[in-house]
Every structure is written in C-alpha cells, then in structure tokens.
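Below you'll find only one chain, the form predicted on its own, shown as structure tokens.
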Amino acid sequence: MVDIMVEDTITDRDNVLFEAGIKLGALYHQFTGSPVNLRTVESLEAAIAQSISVQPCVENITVSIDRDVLGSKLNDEFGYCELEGRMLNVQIDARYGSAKVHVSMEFNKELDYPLMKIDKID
C-alpha cells in the first residue's frame, strides 16, 4: 500500500487552514451557552477574543455579538439569555509559516446555520 499523505506534501497553507478551522470550532463550542445580557455583551465579546487570541497562529480576531438577536432572546424574568451561534460574527486572521488566511463565522439565514468559512488565502 502506498502512503499518499507524505509529510512533504503538507504545506503551510494546509496547516494554517487546519488551525483556523480548529479556532472557529473551539470558539463556537466553548462559548455558546454562556449567559449574556445587554450589560455584559461587550465583556463576553472581549473574553472570547482574548481567549482565542492567545492560541498559536492567531494574528488578529474580532468578535461581535448581534445585539438585536440578543435583545430578542432575553428572558423577561431574569434578564439574560444564552449565547447562540446565530448571534456570533467572528473574523480571524491566522498565519503559519509563509501562509496567511482570513476565516469567519457568521449566521447564514438561508441555511439557518452559523456558517464557518474561508474568506481569503494569502
């Protein structure tokens, strides 16, 4: 049997795309379900960004939580809700060796899904 996944064929581009995807998936699964309200939303955005920014390969990250969706989900009695994927808009620039990518996560209404995608490869 021939091993077609020879280490020499794995590029910096492959590695940075893998790393960027891991960052988005980890962010989604780590932070969805976090309690949030309109008073704490900025600190949650900052906490998410700071948490992911310390990981390898991350050059820049921005996190935005949709205030309109958040406001519509607030519990009347307790005044908070849980962070949902549909509320997140995330942009990450990642670099590995000579390769750089820009990836994002944004709610896609047509798919009814928080879509993670590659936006640009340098």
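These figures come from a predicted structure and were not determined experimentally. Residue numbers run from 1 along the displayed sequence.
One more form of this protein should be noted, the form predicted in complex with a further copy of the same chain, which is absent from this view; the next part is about it.
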| item | value |
| --- | --- |
| 4.5 Å heavy atom contact, Thr62 and a further copy of the same chain in the predicted bound form | no |
| a further copy of the same chain contact in the predicted bound form: Ala26, any heavy atom under 4.5 Å | yes |
| Distance check, Leu70 to a further copy of the same chain in the predicted bound form, heavy atom within 4.5 Å | no |
| Interface membership of Gln91, a further copy of the same chain in the predicted bound form, 4.5 Å heavy atom rule | no |
| Partner contacts in the predicted bound form for 20-34 (non-hydrogen atom within 4.5 angstroms of a further copy of the same chain) | Ala20, Gly21, Ile22, Leu24, Gly25, Ala26, Tyr28, His29, Gln30, Phe31, Thr32, Gly33, Ser34 |
